[in-house]
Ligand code: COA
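Before any questions on binding or motion, here is one chain by itself as structure tokens, the form predicted on its own.
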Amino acid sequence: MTYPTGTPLDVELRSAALIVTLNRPDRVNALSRELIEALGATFRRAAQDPAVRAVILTGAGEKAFCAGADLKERKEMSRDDVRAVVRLYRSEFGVIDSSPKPVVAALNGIALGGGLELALMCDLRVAAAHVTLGLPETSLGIIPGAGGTQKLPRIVGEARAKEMILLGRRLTAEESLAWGLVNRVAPAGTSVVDAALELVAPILGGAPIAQAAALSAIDAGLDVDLATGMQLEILAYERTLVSHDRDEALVAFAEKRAPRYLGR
């Protein structure tokens, strides 16, 4: 499949990992309408691309992963225009949130407002040692409008989410790790994308059907009671049980070799 290159989004397939880079460094990788639409289109393609086993989302440069909404663009918008952008967040960020391929945010710099909300749509997050993460919207007279009030409590818990949102508290990389907001912090002076690639290495050689089934069971289970979640898990398990990959795993175990998963 073909993917965009250049501005506002740059895409590179490295092995079986698709590296998607927000490429507006002169605007601290802020979320313009064009960029939001490009993200949705790219993740829709990636979901259907058999060459892609995982996606790494990062930003250009070392200053910012994404500083949030493009305020220069937003300044020229009417209230109805802003409402349309919020709906666009829902549809295009939703594609990332529901991706059947695991998605890792490689936070190369600050992630504020919509930038952090974008990272929250990913399954895992790796941070550079110098990053700052926060949702400062209430200090600007609004609230997070791209899923932050819903995703953040599910990741860090209600009390900590309220502290970040109501107080506008910003976290360092180490604080984010301690709170469970990020999964790993890359050592200072190292590449956060390389750290993300290291993190997803088991995914790239793993069983895609099982990974997608596990993601769907986890995500769907967060919105229902335990009994319903257990039923959803059974349905997801069935998808793996009838797969070629499951049979290959059993044969490989018997033959004492690494399995060769084909995603079917």
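One-based numbering along the sequence shown. Since we're looking at a predicted model, the values are computed, not measured.
As for the form predicted in complex with the named molecule, it is not shown, yet the points below apply to it.
Annotated contact segment (heavy atom within 4.5 Å of the named molecule in the predicted bound form): 133-141, selected among 188-196, 172-180, 98-106, 133-141. No member of the trio Ala207, Ala213 and Arg264 reaches the named molecule in the predicted bound form with any non-hydrogen atom inside 4.5 Å.
Taking non-hydrogen atoms only, Asp223 never approaches the named molecule to within 4.5 angstroms in the predicted bound form. The closest heavy atom approach of Arg79 to the named molecule in the predicted bound form falls outside 4.5 Å. In the predicted bound form, the named molecule lies within 4.5 Å of some heavy atom of Asp26.
The named molecule in the predicted bound form is not approached by Met164, whose heavy atoms all lie more than 4.5 angstroms from it. Interface residue among Ala67, Ile36, Ala217, Val200, judged by heavy atoms within 4.5 Å of the named molecule in the predicted bound form: Ala67. This chain is drawn without the named molecule; in the predicted bound form, the residue among Val86, Ile155, Ala129, Leu71 with a heavy atom within 4.5 Å of it is Leu71. For the partner-free chain shown, Ile110, Leu112, Gly113 of 79-118 come within 4.5 angstroms of the named molecule in the predicted bound form, judged by any non-hydrogen atom.
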